[in-house]
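One chain comes next, on its own, written out as structure tokens in the form predicted on its own.
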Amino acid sequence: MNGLAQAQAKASVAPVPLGLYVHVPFCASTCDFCAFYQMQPTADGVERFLAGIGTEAAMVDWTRPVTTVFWGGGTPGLLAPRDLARLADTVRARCGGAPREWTVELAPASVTAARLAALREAGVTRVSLGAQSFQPMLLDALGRQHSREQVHRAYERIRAAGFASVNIDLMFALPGQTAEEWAADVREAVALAPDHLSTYCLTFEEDTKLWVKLSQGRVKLDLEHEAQLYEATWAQLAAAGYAQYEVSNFARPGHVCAHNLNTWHMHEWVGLGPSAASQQAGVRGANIADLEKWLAHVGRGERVTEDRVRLTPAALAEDALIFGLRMNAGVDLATWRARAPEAPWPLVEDMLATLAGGALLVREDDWVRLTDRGRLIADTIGAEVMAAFEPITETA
């Protein structure tokens, strides 16, 4: 078992963490690739959203203190400083104090000293800056509303504010992007010296502008090019001192995203806000992706009304394999066999043996992890895990 795997194994015997995700749906404009629920902010909409978060938070059975918080969107940074402080007050009131890790996503154009001061005073420990690229033409192709210069100014302000950890988000395999342009983006990000880097391969989600362009043949998929960019990224960031701990995530020591790790390990989290997902008390589901309808639901005492399923131990084992194999540390099969003895383990073992025979997976006793070649097709392997499991979820 490697060192990261041992550390994660020790963490598994600690008190079970509880995460909190707050979806802030406001965005100035919709990027071509984005499929997340969002809307343009109005004073009335923001006020009713904040009131709704308070109402929904009061409905949750807070069985233990929240350990990690993540605000995503949308663009949480579009909220005014006073509104950020109000939202933070609601979070802290339900967390039993400040969480161990508190992440807020910010878009470069929304970063101001006043907003950062409000977040620091609230207790936010981690900022994730959505740069995506430093190339003006690529930013324009994505529909991003910021410039290279704004990314640099935003990063400088975030660092000056003194947050414990800063992440930069980048995207690759963009339409028209060359290998040289991507390598230049990674170099420029590394030169800023963030604590964490997330590098996401562009995906084409239905009901997005990019999906329409793909269906019209205006952009094309190139899987071989994507694989080359993956491998080049891993080598470039390793040389710069960033350890890969998941297919798309790299960190300096002490700066992995604990909230994401807890989610990938199938721990519990509460989702607040329209479209926010939750996994708690044996049920997984989401809020409706519509501000007005969500407000109506919480006004009636209803939450987690969409895609609601009851999670059996076997269903959690399935997802633990899917997400766990995306992590460099891999998965401890013994833990999940004990937790979910009813899962179809003979079929799972056959699948894992096939992956190992194809040099896609390495096994050390009961620990399994993907090779570099396997991580290149992690989504395909995830589909094979799903195929190995019988239908094991039921409507809640």
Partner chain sequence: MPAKYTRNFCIIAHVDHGKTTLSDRLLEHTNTVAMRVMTAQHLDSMDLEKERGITIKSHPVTMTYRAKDGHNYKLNLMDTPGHVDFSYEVSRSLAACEGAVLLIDAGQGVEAQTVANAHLAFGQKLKVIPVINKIDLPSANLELCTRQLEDILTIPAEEAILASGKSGIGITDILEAVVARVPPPRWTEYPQTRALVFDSLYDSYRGCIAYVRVFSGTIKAGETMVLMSTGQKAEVKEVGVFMPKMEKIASLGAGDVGYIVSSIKNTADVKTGDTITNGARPATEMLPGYKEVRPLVFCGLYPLESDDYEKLKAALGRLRLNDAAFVYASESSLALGFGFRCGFLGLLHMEIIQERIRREHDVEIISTYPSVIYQVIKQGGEEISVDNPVNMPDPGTILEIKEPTIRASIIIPNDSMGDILALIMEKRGTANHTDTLDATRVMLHCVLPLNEILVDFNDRLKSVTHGYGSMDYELGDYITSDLVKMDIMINGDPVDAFACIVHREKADGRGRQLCEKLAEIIPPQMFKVAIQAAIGGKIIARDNVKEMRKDVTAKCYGGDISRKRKLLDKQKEGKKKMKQIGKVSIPPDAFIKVLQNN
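Numbering follows the first chain given and starts at 1. Source: prediction; values computed, not measured.
Form predicted together with the partner chain: not shown, discussed below.
Residue 18 falls outside the set of residues with a heavy atom inside 4.5 Å of the partner chain in the predicted bound form. In the predicted bound form, none of the heavy atoms of residue 163 sits within 4.5 Å of a heavy atom of the partner chain. Contact annotation: residue 22 falls outside 4.5 Å of the partner chain in the predicted bound form, judged by heavy atom distances. A residue is said to contact a partner when one of its heavy atoms sits within 4.5 Å of a partner heavy atom; residue 237 fails this definition for the partner chain in the predicted bound form, lying far away. With respect to the partner chain in the predicted bound form, the three residues 231, 326 and 358 uniformly fall within 4.5 angstroms at the level of their nearest heavy atom. A single residue from the set 354, 63, 371, 40 has any heavy atom within 4.5 angstroms of the partner chain in the predicted bound form; that residue is 354. Only one of 101, 105, 185, 83 lies close to the partner chain in the predicted bound form, with a heavy atom inside 4.5 Å, and it is 105. Between 314 to 322, 153 to 161, 291 to 299, 110 to 118, the stretch whose residues reach within 4.5 angstroms of the partner chain in the predicted bound form through a non-hydrogen atom is 314 to 322. Residues are counted as partner-facing when one of their heavy atoms sits within 4.5 Å of the partner chain in the predicted bound form; in 366 to 387 these are 373, 375, 376, 377, 378, 379, 380, 381, 382, 383, 384, 386, 387, in sequence order.
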